[in-house]
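One chain is shown next in structure tokens, namely the form predicted alone.
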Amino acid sequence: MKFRLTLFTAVLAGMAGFGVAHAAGSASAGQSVYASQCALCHSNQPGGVGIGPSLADVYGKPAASQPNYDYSPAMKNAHLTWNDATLDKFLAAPQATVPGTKMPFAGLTDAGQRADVIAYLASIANK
């Protein structure tokens, strides 16, 4: 019986560890999600142009701080800093998070995809 309990505990511990790793997100998977969901409107190059602002250096920065983009008053007054929590909330429901944002995207409903995109944005920050 002790062996079964120990094995069961080890399996649960391994599953918990897997969950933590997944929550951190995968930059390489995020690059794919970015390409299919974000790249149509947002450049991933510093100073890049698109319908929306470049996201090349957005991670860790205040909202509405990328140069050469005319942000909505709502985004300018949002007083957000783009980190894991704020990006997760915004990517899930942009209009609910910042009512009046110009971003027409409905949101990423999959938490894993959001974590991956966030990991990707963090990986391309300050490059």
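Just count from 1 along the sequence shown to find any residue number. This one's a predicted model, so the numbers in the text were calculated from it and none came from an experiment.
Not pictured, yet referred to below: the form predicted in complex with heme C (HEC).
Indicate whether residue 115 is a 4.5 Å heavy atom neighbour of heme C (HEC) in the predicted complex.
Residue 115: no, not in contact with heme C (HEC) in the predicted complex.
So, residue 102 and heme C (HEC): in the predicted complex, are they within 4.5 Å at any heavy atom pair?
Residue 102: contacts heme C (HEC) in the predicted complex.
Residue 56: heavy atom within 4.5 Å of heme C (HEC) in the predicted complex?
Residue-level check for residue 56: no, no contact with heme C (HEC).
For residue 119, is any heavy atom within 4.5 Å of heme C (HEC) in the predicted complex, or not?
Flag for residue 119 set to no.
Can you list, in sequence order, the residues from 65 to 81 that come within 4.5 Å of heme C (HEC) in the predicted complex, counting heavy atoms only?
Read in sequence order, the residues that approach heme C (HEC) (within 4.5 Å, in the predicted complex) are 65, 66, 69, 71, 72, 75.
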